[in-house]
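Take a look at this one chain, the form predicted alone, written out in structure tokens.
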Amino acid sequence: MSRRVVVVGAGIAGSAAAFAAARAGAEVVVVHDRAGASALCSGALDLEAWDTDASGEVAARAQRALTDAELAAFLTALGAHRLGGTAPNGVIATASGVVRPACAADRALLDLAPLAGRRVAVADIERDDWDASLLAKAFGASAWAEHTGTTFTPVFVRLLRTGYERRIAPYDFAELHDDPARGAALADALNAAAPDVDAWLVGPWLGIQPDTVAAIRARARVPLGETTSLLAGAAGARFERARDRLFTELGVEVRRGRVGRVAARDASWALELAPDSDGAPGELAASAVVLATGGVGAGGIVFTWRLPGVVRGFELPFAAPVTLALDGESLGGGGSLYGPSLETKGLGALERVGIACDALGRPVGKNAAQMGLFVAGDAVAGRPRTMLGAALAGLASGNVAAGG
């Protein structure tokens, strides 16, 4: 009889854990509720903070990640992302006017590396949140553009059809182009606007379905791609749709709801679903559990207080036999006004706080009865909050959880 692995959370860490456990032969159930950090992603996938000096240990870790066979298999199965670019990293443009490297990226993003020294047109459309002239100037002034001799030129494109399209959210504007006729019209408009450019850079508008961008590119005459997305944009939407498709292909059971408690029961685990969860039963049994619930940004860790003058500090929004830690120090369940202080720790504490774990994602400080419980992604204390870091942690936890 196969092991039953329950993964709590469906961001990139939870998706990777489910992928690894299912491939290892486990029966997998994913429990998730609301959108997390992965649904808000920009489309850039990094192992370390992207502006970290890529030398020595950092560069070595990044190179190992780029050659990790299971990570490549996961991203290929997901179908929404590509590893690297022309080597070893791709070069992408952000919606804020920055040109930067990325270990991996949403397939819709334009890889600038093979376009070095050429002319890239920046689509100039009448969107209130898009200033093509300013962006082209910023891209052209980047160290990468100046070093490679790459130019960025704003080119007007008549793309909007109604007045409200200049004000709707980027997500909604991108969704318009999932319609095949509208997507084809976008490609035709770019082809007609400047037939002599070497590539087109557009905003995050190339659909929210993972396959839309391929259809639009097939009609374009030159390479075409997006900048990164802002929060809750097209890149996060494409991830969620690719994830849902992957779960279906793997035969993963998906339960929409919130977990209220994770508890050891004999040689197994029991997860109690919160009262507002959909479906029955209200409890799930598991051979192993992977907590991929995210950090503070995703609501997987909360900072609570009780007035007057009493600070409870960082807590999980569900009960589980784990310990929260910050900078290597265990955080108790309660405190006072002088408990965990963001004034002394800095706002960076919101990125570092998490569940104390060992290298395999097993919670530390617990006895043998807790074996079979794993943590992955942003829920882990002191790890970089990056998409590739979360994916690698999820793959490791999913494999060990499925193997016992």
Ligand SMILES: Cc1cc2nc3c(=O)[nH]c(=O)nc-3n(C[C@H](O)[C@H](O)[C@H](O)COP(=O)(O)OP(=O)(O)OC[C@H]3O[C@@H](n4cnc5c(N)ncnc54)[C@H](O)[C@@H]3O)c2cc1C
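Small disclaimer: the values here were computed from a predicted structure and weren't measured. The first residue of the shown sequence is 1; numbering continues from there.
Another form exists, predicted together with the named molecule; not displayed. Remarks below refer to it.
Taking the partner from the other structure, the named molecule in the predicted bound form has a heavy atom within 4.5 Å of a heavy atom of residue 318. In the predicted bound form, the named molecule sits within 4.5 Å of a heavy atom of residue 40. Interface membership of residue 356, defined by any non-hydrogen atom within 4.5 Å of the named molecule in the predicted bound form, is ruled out. Taking non-hydrogen atoms only, residue 8 approaches the named molecule to within 4.5 angstroms in the predicted bound form. Considering the named molecule in the predicted bound form, the lone stretch of 155 to 163, 175 to 183, 73 to 81, 253 to 261 in range is 253 to 261 [heavy atom distance within 4.5 Å].
Relative to the named molecule in the predicted bound form, residues 103, 246 and 399 are all farther than 4.5 Å at every heavy atom.
Applying a 4.5 Å heavy atom cutoff to the named molecule in the predicted bound form picks out 10, 11, 12, 13, 14, 31, 32, 33, 34, 36, 37 from 10 to 37, in order along the sequence.
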